[in-house]
Each structure stands twice: as C-alpha cells, then as structure tokens.
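Below you will find one chain, with nothing else, as structure tokens; this is the form predicted on its own, and questions on how it binds or moves follow later.
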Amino acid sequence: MLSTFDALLLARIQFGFTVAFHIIFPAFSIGLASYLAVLEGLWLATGRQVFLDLFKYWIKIFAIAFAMGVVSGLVMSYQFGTNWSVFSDKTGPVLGPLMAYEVLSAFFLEAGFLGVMLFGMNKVGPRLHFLATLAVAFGTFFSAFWILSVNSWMHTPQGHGVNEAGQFVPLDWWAIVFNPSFPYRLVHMVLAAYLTTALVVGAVGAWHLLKDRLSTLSQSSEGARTMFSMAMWMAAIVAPIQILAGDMHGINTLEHQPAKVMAMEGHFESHPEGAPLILFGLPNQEAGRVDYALQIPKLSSLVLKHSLNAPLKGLDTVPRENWPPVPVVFWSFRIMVGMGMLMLLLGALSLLARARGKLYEWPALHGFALAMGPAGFVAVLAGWITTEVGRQPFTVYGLLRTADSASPLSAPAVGASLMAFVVIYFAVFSMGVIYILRLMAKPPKPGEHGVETGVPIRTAGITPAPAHDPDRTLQPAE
C-alpha cells in the first residue's frame, strides 16, 4: 500500500495528522488559562465561593489539556529534522531563533508558575497564587505570539535575505516578527481560542443544567448556572468580533496571498465587473470551474473589496503549478464560516433568553449549547486547513516549494512512522480525552471551606461566611 504514496505525500500527511492533534490542546488551554485567571480574580474581588469552586473544577481539566498539548507538541520539532530537513536548513537562521524565544520566554514562564498555580494556593496565599495564574495565562498567550509569528512569516515573508548556501538569513527582526499577516493571525487565533473554551464551558454548564432539570431531586447548581452564564456572555460578545476579525484577515490575505482567497471563494475565472459569492458547489480543479454552483451575484466583491462592481482576479491569472488544492480549501473555509455563524446564533439566542429571564429555564438553548461544545475545535481545525493547504505548493510562500523542503527519505520509512504515530496518538490521547470528559460529567463541588481538603480557609487570608448564608459567600479577612 505504501508504494502507492510517495514520501512527500506521506510526510505531509504525517505532519498534518500530528498538527491536527496538537492544535486542539493549545487552542483550549489558551482560553482556559485566561478563564481560570478571571475566576480567581472574581473570587478575590467578591469573595463568592462559586468562583473558587469553578476554579478548582476547571484547573484539573486545564492541567490534563496542558500536559497533552506539551507532549503532542514535542513531536513536531522532531519532524522538522526527520521529514523536513531541507526546510529546517533553509529557514533555520530565521525560524530557529523565533522558536527559541518561544521556549525561553513563554514556555519557561508557563512551566515556572504552573506548579504554583496547580498546588500552591495554601502555600503562597491567594494573591500571590493569583499572580502565578496570571503568569500562566500570559505565558500561553505569549507562546501563541511567537508560534503565530513563525507561521505568519512563512505566509508573508519579509525582513530576510538569502546567503550563498540558499538559506534565509535575518536582516530586520522587527520586520520578520511583525510581518504583514501576523497581527491579523494573532487576533483571529486568540479569539478562536477564547471562543473554543467558552463553547466547552457553556456545553458543560448546559449539560449539568439539563441533568438538574431531568432529575427527580432537581437542585439548581450555582456552579452550572454561573459557568453557563459566563460562557454565553463570551459567545455573545466575541463571536461578532471574531467575524469582523476574520473579514479583516481575509482582506489582508487577498493582498498578500491572492491564490488562497481565489481557492477559498472558488474563483477559477476572473470577474472584471464584480465577483459572485459562491455559497456551495463542487470545485472541479481539472476543468477549472465550480460545478452546480449556488451563488449570489457580486457579493464576493462587496465582502472582499466593499464594492459590488470591484474586479476580482481568478486562478486563471495564476500558473497551474501554483494552484492550491481548491476543493480542500473551498470546503474547509465553508466549514469554518458555518461554525462561526452557529456561534453567532448561539450568542444571539442567549441574549434573547437572558432578556426574557429564561437563560436557565430554556432546554432548547441548553441542548443547542451542548451540541456546540465541539464547534470551536472544528472551526480551529477547518481554519488551520484553510490557511495551510491554501499556502500550497509552498512552505515559504512564493519562495520555497513544499516539494523542495522534504528530506530524502523513502516512502516505507515515512509510512512506518506515520502508522506508529496514528496508533500511539489514538491510544494515548483518547484516554486523556475520555478522562477529561469524565471530569466534565461531574458537577462542580459546592462550597468547601478550604482551598484544599482539610485546610482551613483562614490560612489563605479568607474567612468563611456565616453558616446561614444560602450563597455561602466568602469575605476577605480583615
């Protein structure tokens, strides 16, 4: 079977498989770290026990997701040396320092404070512990900063030269780091991470609200209500901002990577008097057309250039050897946009329910939120496929082709490692995901009088509220 694939294709499949597994964990942990910081900050500001309960509930899940993200990310660096040695040699002088900066600054910051965040609340006090939580949250963001700078330079390279050995060498680090597509990618990815986390938190809250409703001994869970409300606020506020950020990112991509946008839109032909928005169809790359296209005249020109009659070039202006795989990019883009529209709908429905006082008593909304739990991961994966497959046939856009980036390996060698990765990844990470789902299936434990079992809350600088207080509100110690 391996003989039917060449080594280049197998190397691309392997890298795509491992990145797809890896990207879902950072996307979740970036948002969840910030959510934990918000929860702990609210607990310190208000003294309400529910925020501490939710912090303790989600920090366990964060620890597992963070660990799986680290483990899955380690494999990526090895592939650069095994399957993509030419790419590593050509781009190493530029990308190597950026990756080192990510480790020395962001990852060390996360790792340095992670232990305090996980185990140190009763040892360092709540305020210093909050500082550690903020450091971890900032570290996850800073890590995304460096990784997206690396990735963006591969899409919009600048600030470099080429030496006698054919290597890209840095000439202007500011231009390299802050390349033209980087700000748009950073905003789009970080917002995607926040939305991904909000949808997971909302789905867990909705799950427990539905369970409480169906239980014969129904008891309203304050933790479930609080997490659901916070998640719906995030969806309602961030989803429209993300759509706006995506539109700006698309305009930037049109300027610097027009062939990618042509593939996303399905524009095989140029449209000098306004291009249609193709909603659905079957891209036929060989024939250079979209079969059975359902389209709205001139709307694509309005979206991309804000003018109905603005001309848009098509793939007929690009040499065929530089065309990306149009069907893949076309459909992955629509999946991403479709998920975004559903997130917008969920946020709008939550605002309607909140206005009517039915946020916790609308089972249809809870069912919708529960079904939308994985939508953020689907959107992130679809967006990544759109971005990376749309860059083909280049690893460094317009300068280094993918076919010229791979190591001189045989197909059986790459295929054997690919099969090993598939088996090991599904075995290990499936167990991790199942364990996370089991933790999510349990409701948050209400109002314990200690940050950890058996530790009086007064040792953390907090005094418990009177026993008759139904909200079990915590107040800062005087």
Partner chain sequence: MIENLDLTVVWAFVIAFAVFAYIVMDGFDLGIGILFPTLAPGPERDTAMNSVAPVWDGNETWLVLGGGGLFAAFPLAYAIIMPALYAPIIAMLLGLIFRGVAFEFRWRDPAHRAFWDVAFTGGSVVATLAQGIALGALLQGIKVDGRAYGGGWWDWLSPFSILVGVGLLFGYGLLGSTWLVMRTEGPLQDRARSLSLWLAGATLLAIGSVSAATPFLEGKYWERWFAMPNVLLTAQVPLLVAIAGFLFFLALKKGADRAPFLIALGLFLLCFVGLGISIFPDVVPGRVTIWEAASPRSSQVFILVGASVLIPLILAYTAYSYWVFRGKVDSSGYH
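Residue numbers count along the first chain shown, from 1. Since we're looking at a predicted model, the values are computed, not measured.
The same protein has a further form, the form predicted together with the partner chain, not shown here; the description that follows concerns it.
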TODO: Considering the partner chain in the predicted complex, find the one stretch among 242-250, 270-278, 317-325, 67-75 with heavy atoms no farther than 4.5 Å from it.
DONE: 67-75
Task: 4.5 angstroms heavy atom contact with the partner chain in the predicted complex for Leu104 - done: yes
Open item on the list: So, Gly81 and the partner chain: in the predicted complex, are they within 4.5 Å at any heavy atom pair?
Closed with: yes
Open item on the list: If we define contact as a non-hydrogen atom of the residue within 4.5 angstroms of the partner, is Arg401 a contact of the partner chain in the predicted complex?
Closed with: no
- [ ] Mark Pro180 yes when one of its heavy atoms lies within 4.5 Å of a heavy atom of the partner chain in the predicted complex, and no otherwise.
- [x] no
TODO: Using heavy atoms only and a 4.5 Å cut-off, determine which of Ala287, Met341, Val162, Ala100 is in contact with the partner chain in the predicted complex.
DONE: Ala100
Task: Sole residue of Pro258, Gly92, Pro374, Pro393 within 4.5 Å of the partner chain in the predicted complex, by heavy atom - done: Gly92
Task: Contacts with the partner chain in the predicted complex - residues in 97-126 whose heavy atoms fall within 4.5 Å - done: Pro97, Leu98, Met99, Ala100, Tyr101, Val103, Leu104, Ser105, Phe107, Phe108, Leu109, Ala111, Gly112, Phe113, Leu114, Gly115, Val116, Leu118, Phe119, Gly120, Lys123, Val124
